[in-house]
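Read the single chain below, which is given as structure tokens and is the form predicted on its own.
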């Protein structure tokens, strides 16, 4: 903590009181924002963890079937089957403001069927794996959406945490120390002024008493 480099005047004291009040109000607002961000972040992380586990399990099964299909078919037949897919996807991205953080929302549209090849030379495992991939694709997009949301919330949460700490441990203590210093200096100046005034008053009273004594002696 360190005092601010300001002059110990009453005007500066009033300015610092206003700044301190604003800093404390800002600290409370940021603290509330931090708590809200943390709550939302933890909910998203929990959802992402659950969805990722589900996606990884389904992906593992789909890849297993695809590897079995690959081992049962020649590379030429496999390439020919996958060369001209009829399935189409369209991804729309929107953003929503959550506590000053713009987080993305993905809207996936799928058309057509990925199974557009002849079944004579292909294996059933290929059909199963490709159908699984097609069904799993929306979950992958959802997982990407959630993890991107968590990433942006985490960045904002870190920024907010730094601001809260800067206010709580640096700016507000410095302002309060400076307020105490200026108040002490002003009190000292006021006491010095009172002492000086009392001395001047005593000197005037002494002078008046001396003049009265001289006048009485002359009479």
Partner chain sequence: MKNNYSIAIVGNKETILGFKALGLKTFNANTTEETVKILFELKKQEIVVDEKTGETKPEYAIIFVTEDLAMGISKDDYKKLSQQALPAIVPVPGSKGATNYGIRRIGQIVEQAVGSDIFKE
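Residue numbers count along the first chain shown, from 1. Keep in mind that what you see is a predicted model, and the values were worked out from it rather than measured.
What follows is about the form predicted in complex with the partner chain, which we do not show.
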Can you tell me whether residue 140 touches the partner chain? I mean in the model of the complex, with a 4.5 angstroms heavy atom cut-off.
yes
Is residue 182 part of the interface with the partner chain in the model of the complex - any heavy atom within 4.5 Å?
no
Report yes if any heavy atom of residue 151 sits within 4.5 Å of a heavy atom of the partner chain in the model of the complex; otherwise report no.
yes
Would residue 158 show up as a contact with the partner chain in the model of the complex if we use heavy atoms at 4.5 Å?
yes
Exactly one residue in 191, 46, 170, 39 has a non-hydrogen atom within 4.5 Å of the partner chain in the model of the complex; which is it?
46
Applying a 4.5 angstroms cut-off on non-hydrogen atoms, the residues of 45-61 near the partner chain in the model of the complex are 45, 46, 48, 49, 52, 53, 56, 59, 60
